[in-house]
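Taking the form predicted on its own, here's one chain by itself in structure tokens.
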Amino acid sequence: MGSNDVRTREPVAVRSDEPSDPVPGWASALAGVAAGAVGLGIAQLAAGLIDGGAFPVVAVGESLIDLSPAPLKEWAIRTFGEDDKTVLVGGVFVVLALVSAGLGVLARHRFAHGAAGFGLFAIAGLLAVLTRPDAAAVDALPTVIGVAASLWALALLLRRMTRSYVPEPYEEPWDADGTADGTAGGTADDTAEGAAADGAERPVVMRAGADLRAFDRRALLTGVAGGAVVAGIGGFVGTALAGRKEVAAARADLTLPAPAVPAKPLPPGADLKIKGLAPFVTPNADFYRVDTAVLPPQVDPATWTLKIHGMVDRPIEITFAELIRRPLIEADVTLTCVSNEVGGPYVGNARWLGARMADILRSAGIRSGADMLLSTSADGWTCGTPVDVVMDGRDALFAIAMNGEALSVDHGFPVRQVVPGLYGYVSATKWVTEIKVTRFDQDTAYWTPRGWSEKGPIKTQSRIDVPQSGASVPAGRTTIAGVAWAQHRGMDAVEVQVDDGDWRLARLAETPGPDTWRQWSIEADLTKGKHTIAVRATDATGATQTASLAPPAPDGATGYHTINVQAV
């Protein structure tokens, strides 16, 4: 044909070089791993709410242990020692990750195949969970919920990683005779040149076979990151909940041993039983709690150990079972927090049961020159206690119980320190797991760099409980009462002053020893009107507390506790 002939626009053979599946295999595998992680995190959360043993990974691990032949178990113990269970559970996680990756690849081609794979894992998990001796039907829920979460996450990720797109217009190159060349790889420039050569319009066609979907790497990675966050939060919270339940069960099952040295009965008159006056023995539920733990550590006594090392002849490590087999003693001891303001509530008295710290430290052999015990709690908090105080014969204890009950988690279960005569920040380590025998010039405890003194001997203090500050009281004879303390020195006298009158001696209650607070009371005649009442104490060394007001930092508050009342 001539160059001026008009050619009919006819559809030409279409290209089929676009892939029908735009998603690479590694992306599907990554989606499968992320989905599996989401399922495990959600399952752990559900198990924590229901029963820690219902977590399918743990149940499968326990089943593998039960089914393993004896030689394999012995090899694992020889090879991994105490870490054999950790290695086993880690292996289960690795296998789950690999299989989840494979299921993700299967689901890319046909989602039902991937779903069936996760279903098989659900069956294995259910068998492991429900064949436990103490299993209940509700224990199946974590596995079912976890698999459902995995399938939901996998479907979501597979959708996220592809996006719709509109293919670029494509013009086939034409031969000089006006027929389609059909040669692959023609460019837009080639097409433009062909059109310019003869002035004819060329039909614009689309590549055939394009499924109008494209791989979206960014959407996949953000989705995987979101799944990792969900899995991490679910696993963390579920583990914490499961640990809390396990520790609560261990505490409930603990039978306290009888003390080798029981405390003497409280002397008659130790508690004046005046309404509004703090009782001599502080109920456990009312005992103050001051520590740095946002969530109290959940420490299982079955795995708890106390390590003593540093400047010792024989480093030792004691289990809870070994600790409670030691001769235990009971002691009435009042604890005080250094942050207690004058007249404040951070003081309480209890009967403690525990092993003498001095006896255990002697078994390790403290070397000459050591003057500090750097104790560490399960949450990493540290405390520096003077060695001489612990070793001077007072009832310094590794305590396991207070007021006849195992320590609550809030108060240090399974083991805490109790040292009479020192503020808690340098003595009363809860959840204690380690003692480093060292020196104050070589190590530093938690509060010292924060401005508190290295050593915190308790200062003589007194408090008015009755009447309360700002109260209205009947004019005439009025009972004034409170508590006073000077641990390990003892209390010798308490005096009360009304307005600018003379200091008058109050009546002191009985006390079992120098390590507890002491109740006091006095009667005063109050005329109608406003009155100011103050109290001061004198310890058994003859030292009277100072009137000079000072804040708690750096080594304890000072000053007289003073209240104002209205007699009507």
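Note that residue numbering begins at 1 and tracks the sequence as displayed. The structure displayed is predicted, hence computed values, not measured ones.
Unshown form predicted in complex with a small molecule; subsequent notes refer to it.
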Glu330, Asp291, Glu434, Glu495 - the one with a heavy atom within 4.5 Å of the small molecule in the predicted complex: Asp291
Proximity to the small molecule in the predicted complex, single hit among Pro414, Gly482, Gly384, Gly424 (heavy atom within 4.5 Å): Gly424
Non-hydrogen atom within 4.5 Å of the small molecule in the predicted complex for each of Gln461, Asp500 and His561: no
In the predicted complex, segment of 451-459, 268-276, 331-339, 469-477 with a heavy atom within 4.5 Å of the small molecule: 331-339
In the predicted complex, Glu322 touching the small molecule (heavy atom, 4.5 Å): no
Non-hydrogen atom contact Asp443 with the small molecule in the predicted complex at 4.5 angstroms: no
Close approach of Ala486 to the small molecule in the predicted complex, 4.5 Å, heavy atom: no
4.5 Å heavy atom contact, Ala428 to the small molecule in the predicted complex: yes
